[in-house]
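First comes one chain, alone, set out as structure tokens in the form predicted on its own.
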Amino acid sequence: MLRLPPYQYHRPGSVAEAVALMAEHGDDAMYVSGGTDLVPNMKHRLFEPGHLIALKGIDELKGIEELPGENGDGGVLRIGAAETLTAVSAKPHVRELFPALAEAAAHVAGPQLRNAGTIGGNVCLDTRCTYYNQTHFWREALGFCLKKDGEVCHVTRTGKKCVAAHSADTPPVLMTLGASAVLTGPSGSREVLISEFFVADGIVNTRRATDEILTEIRIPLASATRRQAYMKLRQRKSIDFPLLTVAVAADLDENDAVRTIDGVVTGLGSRPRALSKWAEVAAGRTLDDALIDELSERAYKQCHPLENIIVDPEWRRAMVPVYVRRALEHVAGA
């Protein structure tokens, strides 16, 4: 049986109190919300904090509501970071405005984990790798890895860079919708676009500092007019992390010609990848079979999965144009 290491559990009543607790305990503390990712990682001794600072009970981190815009920008849909994935997927307002986000939230893990896990936790999900997400005994027998306790990445077989995979479902959709994350720490609050939130580093792949809390997600209400799609490839449809996710959003004119289009894939590298030059290729054209084929082939050429998940990388790559096509066909027929 895998047991948790000893720790002290704190339940602050406000964001300010949580930040103060983090300042008090420093590197020996971690924030926890639903705990669906952190607790198993603690059992595997990937993290051993002496203090856990709980966020899920803080009212400031709850709520799904429209906020008026500033300077006539049209407003945003605010989603509190402690809202569960079940709540996000079931909220009628989310399903009406941003159906792809509701779909993504509804496809994370299984029902029990969605009832506990939060959208903030999903955005901040730790990267995963077949050589990392193992017991301490397993990792020690291998000589550990670059992400934890070792000096070599067993995927690339060098010690230069960790390539653990980003495996969260909601960030690709949020990127196509122009969403941003609000982070609060000792120096106050700041807002970061989700498209700029991630970095290509499998060890620490976000711009969130360890003493910052992701307090809310903001999605421009103007993005609700975009046609949206979300697709997910996984071994078992009930619970597994993605082998690949695809998010697409497009603006079409009255003649169904493409004005703008965005595609994002994840599950392949250390951060979600925006598929490049889609807008240049598609602008002014109808999203017909020829264009869908061209965009799918472009995605295939840009995506090169690694052996960071126990599934053949060439098969995963072959699935890229298949799932991109399905997403584009959904957008075309929406």
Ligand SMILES: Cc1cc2nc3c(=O)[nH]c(=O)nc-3n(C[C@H](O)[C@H](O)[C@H](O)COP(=O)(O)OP(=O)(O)OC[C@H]3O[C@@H](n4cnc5c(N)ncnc54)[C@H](O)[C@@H]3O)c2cc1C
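Start at 1 and count along the sequence shown; that's the residue number. What you see is a predicted model, and the numbers here were worked out from it, not measured in a lab.
We do not show the form predicted together with the named molecule, though everything after this point is about it.
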In the predicted bound form, is there a heavy atom of the named molecule that lies within 4.5 Å of any heavy atom of residue 101, even though the partner is absent here? no
Decide whether residue 85 counts as a contact residue for the named molecule in the predicted bound form under a heavy atom distance cut-off of 4.5 Å. yes
Using a 4.5 Å heavy atom cut-off, state whether residue 38 contacts the named molecule in the predicted bound form. yes
Taking any heavy atom pair closer than or equal to 4.5 Å as contact, tell me whether residue 76 reaches the named molecule in the predicted bound form. no
On the criterion of a non-hydrogen atom at 4.5 angstroms or closer, are 107, 121 and 125 all touching the named molecule in the predicted bound form? yes
Of the candidate stretches 185-193, 89-97, 107-115, 250-258, the one with residues having heavy atoms within 4.5 Å of the named molecule in the predicted bound form is 107-115
Ok, 58, 275, 32, 287: which has a heavy atom sitting within 4.5 Å of the named molecule in the predicted bound form? 32
Counting non-hydrogen atoms within 4.5 angstroms of the named molecule in the predicted bound form, say which of 205, 223, 180, 167 makes the cut. 167
